[in-house]
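Next up: a single chain in structure tokens, the form predicted on its own.
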């Protein structure tokens, strides 16, 4: 059940990743409710206050929350280098990130400079603690897993994303003469293609073969893809300030991400276990949406301004609530039950009956949430062109978030109940 080459004895306490995983869905719920209350105005432009607030609820509140928890879990297991003082680091990241993500969204809605300064400071402090701890661990990597270099580059990209975000906040609310247009272009680019996609790639190298029983990713891909994408991000950044063609590294980024998506889909088609589950469906949907985003991004360059703005909104829907949320759902539905099973097995085997992974996460409620997710995503995409549907899309997103949150809480409750029974038997 436990693959060779993984250092699970160095895994942090289960409370470390679980606090991040169990918090994240409530930011997704907040984004859905914001869409319900704001309605069609969020579909007018990417730069509307409510749109920016919802975007940061998804990026800071949901995506980064899960990614930080996942990296704190996987770094010691995959790379063989534990994060120092994991409980203290978890508190030092989780609390300010939770407050900072909520505060940034509120600051956009209230158009409040002081609130933005405080919230950005909290989020920045959370990322500073996280990046320092991750860098400490990455500097002591003992494993030759291809995931480790991708994780390191993703952490460096998070630093760039956070720095660009802080600079944007200063330019927007601090009155400093910073190049707002260039920063506004680069911040989401580093967040999407750097921090998020690079970490998804690093995680996929391990979890896709492990949980979906596929062949390993090709060595040529694992050796070069993450580094190439990072270099292209650097070139695309330089093109914002130097007389360089920005479309060329942009096309390279789209092509590299598309290669990853196609490779993943091909590996899944060759998996040993032919019976599909919800995790596999989420990953396949995510890879399909990533391919759609890679195709739409260069096509936007050819569109007129008005059509281009709608296309950019659609691209945001495909990339963020689409690709990223689909893959994260797929990760959570395997990582959470596996961690619950593993920690019980390692501590209480022979003392109590350990639930299997299907008991921690039955497929039926997961498929129900998948249906809500697909309906919400489809309605949100249509609402880009027919804004009156925005509120209905928000209701579906809220229902989707509640279903995901309930499924994760249910798994955590079963873990706690089983551990409690084991401790009671031990004390008798």
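Numbering follows the first chain given and starts at 1. Keep in mind that this is a model prediction, so the values were computed, not measured.
The form predicted together with a small molecule is left out here; the points below concern that form.
Any non-hydrogen atom of residue 191 within 4.5 angstroms of the small molecule in the model of the complex: Answer yes; at least one heavy atom of residue 191 falls within 4.5 Å of the small molecule in the model of the complex.
Residue 323 within 4.5 Å of the small molecule in the model of the complex, heavy atoms: Because no heavy atom of residue 323 falls inside 4.5 Å of the small molecule in the model of the complex, the answer is no.
Exercise: residue 52 in contact with the small molecule in the model of the complex, heavy atom 4.5 Å: Judged by the heavy-atom cut-off of 4.5 Å, residue 52 is in contact with the small molecule in the model of the complex.
In the model of the complex, residue 161 touching the small molecule (heavy atom, 4.5 Å): Judged by the heavy-atom cut-off of 4.5 Å, residue 161 is in contact with the small molecule in the model of the complex.
Selected contact from 129, 120, 83, 289, since only one has a non-hydrogen atom within 4.5 angstroms of the small molecule in the model of the complex: In short, 120.
Interface residue in the model of the complex among 94, 172, 334, 343, criterion: non-hydrogen atom within 4.5 angstroms of the small molecule: Going through each option in turn, the one that passes is 172.
Interface stretch in the model of the complex with the small molecule - options 395-403, 362-370, 22-30, 44-52, non-hydrogen atom within 4.5 Å: Answer to the contact question: 44-52.
60, 166 and 196 each touching the small molecule in the model of the complex (heavy atom, 4.5 Å): Looking in the model of the complex, the three residues 60, 166 and 196 all sit within 4.5 Å of the small molecule (heavy atoms).
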